[in-house]
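Presented below, as structure tokens, is a lone chain in the form predicted alone.
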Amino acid sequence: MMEPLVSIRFSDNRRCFRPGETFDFDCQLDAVEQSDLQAVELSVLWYTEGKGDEDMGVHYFERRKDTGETDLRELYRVSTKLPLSPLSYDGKIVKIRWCARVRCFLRKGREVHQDLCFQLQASEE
């Protein structure tokens, strides 16, 4: 069986957003049969990288299950208002990253995911 193709696209093709702004992304699945999909999870989250413990916070989460009524492969839009913090940060010791994440849960216990990172900044640079 082929790995499903997961595509994520920000609705206005920007990669830098401000706190409180509405954030939209579209996602679509390809190269997978609908019958092979159990669920799709869509989220907007932040995580840290660097020294010490890694942290993660989920700002938006939605789980779509296979009910037989909706094709989970079709183009789907997520929209949420971004929080005031934490802002993206690219330090030497720690980094804070924001991303849109799509996780696909397949029959037989397999899972595939895709992330697309963006910046949450007080002002656009």
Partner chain sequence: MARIFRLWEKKRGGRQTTSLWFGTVGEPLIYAAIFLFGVFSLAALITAQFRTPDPTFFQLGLGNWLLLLLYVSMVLLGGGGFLFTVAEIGASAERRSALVARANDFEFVQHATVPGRTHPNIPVGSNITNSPGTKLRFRLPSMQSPAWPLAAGAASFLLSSAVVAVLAVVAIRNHAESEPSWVLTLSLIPLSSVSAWSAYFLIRQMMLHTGIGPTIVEVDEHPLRPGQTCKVSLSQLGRLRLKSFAFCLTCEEEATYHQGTDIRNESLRVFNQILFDEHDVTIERAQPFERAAEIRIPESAMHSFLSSHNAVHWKLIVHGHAESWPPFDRSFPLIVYPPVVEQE
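Numbering follows the first chain given and starts at 1. In this text the structure is predicted, and so the values were computed from the model without any measurement.
Not pictured, yet referred to below: the form predicted in complex with its partner chain.
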Open item on the list: Test of understanding: in the predicted bound form, would residue 80 fall inside 4.5 Å of its partner chain by heavy atoms?
Closed with: no
- [ ] Indicate whether its partner chain has at least one heavy atom within 4.5 Å of a heavy atom of residue 26 in the predicted bound form.
- [x] no
Open item on the list: Since only the chain is shown here, I'm wondering whether residue 96 would be in contact with its partner chain in the predicted bound form (any heavy atom pair within 4.5 Å).
Closed with: yes
- [ ] Spell out, yes or no, whether the shortest heavy atom distance between residue 41 and its partner chain in the predicted bound form is within 4.5 Å.
- [x] yes
- [ ] At a 4.5 angstroms cut-off on non-hydrogen atoms, which residues of 39 to 54 are near its partner chain in the predicted bound form? List them in order.
- [x] 41, 43, 45, 46, 48, 51, 52, 53, 54
